Every structure is written in C-alpha cells, then in structure tokens.
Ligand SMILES: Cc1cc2nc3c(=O)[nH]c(=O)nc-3n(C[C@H](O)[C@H](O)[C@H](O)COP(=O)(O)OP(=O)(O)OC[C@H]3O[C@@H](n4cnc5c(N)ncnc54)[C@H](O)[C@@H]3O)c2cc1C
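Just one chain is shown here, as structure tokens, and it is the form predicted alone.
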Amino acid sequence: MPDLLLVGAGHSHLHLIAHARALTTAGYRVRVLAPRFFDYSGLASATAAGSVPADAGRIDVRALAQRHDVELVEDTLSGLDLRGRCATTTGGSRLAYDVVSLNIGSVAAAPGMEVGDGVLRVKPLSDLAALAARLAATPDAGLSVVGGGSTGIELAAHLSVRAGVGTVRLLESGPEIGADLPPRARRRLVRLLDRRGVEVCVDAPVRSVGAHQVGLDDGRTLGHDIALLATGLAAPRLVSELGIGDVDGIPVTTSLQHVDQPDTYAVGDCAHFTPQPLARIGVHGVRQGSVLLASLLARAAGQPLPTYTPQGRALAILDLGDGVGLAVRGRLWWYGGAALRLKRWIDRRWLARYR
C-alpha cells in the first residue's frame, strides 16, 4: 500500500480525513502529522476578543481521525527529505511516505518591520488565542492593531465593545482601511469604528512594533499595553527552511502538485498557486479539499488528474461584534444583524462536518 502522509490538519486535510475510506479503498495507507486540535479561522477574531466561547471554533483532530480509522501522529513537521521521501517530526520521529501533502497554514507577515517580543500575531492562531489571557491580566488595556485589512478591522471592532478594554487604535500604512472592500462598505465601516471610539490612523506606515509602543516612519511613537499584528499573511518560515518554496508559499500547478515534485502536494494558505495569485482566505482551502481527494484517487487509478479552478467571486463576511456583520461578494455588500447570522450559520454547518 502506498503511504500517504498528510502534514497539517487545515481545511483541505480535514476533508481528506473525513473521506479516508475512499482513500484506503483506492489502496492508500493514510497517516496525518498534526497537532491534536484545529482552530477554525472563521471564528478567530470573535474567539480572541471573547465574543464567543474559546472552543467555539475548535475541532478535535484526534477524535476525527479515530472515527475514520486514520493514524494520527500528534506532532509537527521539522524536516522533509524529498529525495528519500521521509518526513522528520519536531519530536524526532521519521515518517516514510510515497506521497505527501502539506496543509500547514500561514503566519502574519511583517516585511520591513521590526517586531519585538510580546507582540501577538493574528496567525498562527495559537498566538491570537493568548489575547484573552492578556486582556484579563491588563484591565482597561490600550490596544494597537497594526494592519487595516479585514482581520484588523474585525479585531478592532470586536475589541471596541469588549468590557474591560480601554482604548483601541487601528493603524494602516495606506490611505484607507479595507482597501479591497467596496467604497460605500468601507465608509460604513469607518463610521462604525468612529462611533465605537476606535482611533483609526491611516497613512501611518509602522517601522517597529513592540510590547509597549509602535514606531512610525515619520518618527512618532505611540504607546499601548497590547499590540496585535494583523498585517498580510505569508507562508510559514518552515517552507523556506525545507527548501520547497519561499515566503510566497510552496509553488504548485493547477493539479495542486509542487512544480518540480509531483509526489508533493500543497493546499491552502501554505501553497503558492502559480497560475494566478490567490488571496489567503479559507474558501480556497475548503474548495481545494475535494480537488485534492479526487486527484489522489485518480492518481491511484492511473487516470488524468483533475485541476483546481478558483471561483471568480467568493462571499466574505466580517464579524464586527455587537451582533452585526458586513457581507461582501464582489461589489455587492450588506451590513447588519442578518449578515452575521448568515456567517454563524455557515460556520456552524462547516464545523459540524468534522465534529
């Protein structure tokens, strides 16, 4: 039986674990190398800000693997010998494979920025999970959220209505927050943040961010008790260290295989889809799961491999706290309680597949 090693338990690999019977029927021996728990990014901001329970977006990977008779190695990847087809874990184990797939997520990038100890990053999500404890230990904390994209806006909006939080500042290097949102939706968010007392600083490139202050390119320094880095996402440093990609990710073709290593697949945020740039959003990881499964089954049967075709427009819903959300699809958008209720329904439905 060919050994299939799934490294990481992101959206795509959860789909494969849940459909492991099809893989074993096709002749694979399936193993997963991942931590025990997966935290769903769609609820990360609400969880971190304390708006929903801490385990609301958590999936027990061990329980899922046991339910589908899949071997789980509870560890993380530290080395990958592509020629010898062997993975090394952080704990020192060596796992041989015939085919490997990586689904190891992303991290908050800070190009050209000095980031000190004590700064919390939105990814990996284990960093963001520490926010609740930091807030509990620092009454009336002043917070700086660095990065005015969707995640930064979500966090600033949530924290502005959380009990026990003092001040919230949102810093964006460009001329406006939510630059990828429709203009009227963006203006709606600016009014919301202003009404909630969030200090929005645009045209404010950050040179350095530390535990107690941020330094701007114009020489100003702004103090805080807690800093959150919500800048753009990049592939984990491990990708470069392994020599299989760079900060942009593991380069893959339309079949989700490494451009030079057909026995190596990569999906989700850690992948660099070479045919066209893809935003690091969960919808791609979700949709790539079914393509990856079909590809592995076709490979075992000696059939042509399917390809991944990104959808033109995807629905995105920002959770803004206090019972409201902002839904966006292309240039269409709507704001209010209905948008958030739709998001909660989508989140619950997706999580229920793996619980």
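Each residue number is its position in the shown sequence, starting from 1. Bear in mind that the values here come from a model prediction, so they are computed numbers and not experimental data.
A second form of this protein, the form predicted in complex with the named molecule, is not displayed here; the remarks below concern that form.
Engineer: Please tell me whether any heavy atom belonging to Ser41 falls inside 4.5 Å of a heavy atom of the named molecule, as the geometry stands in the predicted bound form.
Structural biologist: Yes, contact at 4.5 Å.
Engineer: Closest heavy atom of Gly147 to the named molecule in the predicted bound form, within 4.5 Å or not?
Structural biologist: Taking the distances in the predicted bound form, the answer for Gly147 is no, it never comes within 4.5 Å of the named molecule.
Engineer: Would you check, heavy atoms only and a 4.5 Å threshold, whether Thr254 touches the named molecule in the predicted bound form?
Structural biologist: Heavy-atom contact with the named molecule at 4.5 Å: absent for Thr254.
Engineer: Do Asp75 and the named molecule share at least one heavy atom pair within 4.5 Å in the predicted bound form?
Structural biologist: Yes, contact at 4.5 Å.
Engineer: Counting any heavy atom within 4.5 Å as contact, can you tell me which stretch out of 27 to 35, 321 to 329, 63 to 71, 298 to 306 lines the named molecule in the predicted bound form?
Structural biologist: Of the options, only 27 to 35 has residues within 4.5 Å of the partner.
Engineer: Exactly one residue in Val259, Ala130, Ile281, Cys86 has a non-hydrogen atom within 4.5 Å of the named molecule in the predicted bound form; which is it?
Structural biologist: Spelling it out, the residue with a heavy atom inside the cut-off is Ile281.
Engineer: Would you kindly say which of Leu143, Val122, Ala157, Leu189 lies with a heavy atom within 4.5 Å of the named molecule in the predicted bound form?
Structural biologist: The residue in contact is Val122.
Engineer: Who in 47 to 62 is close to the named molecule in the predicted bound form, meaning a heavy atom within 4.5 Å?
Structural biologist: Contacting residues: none.
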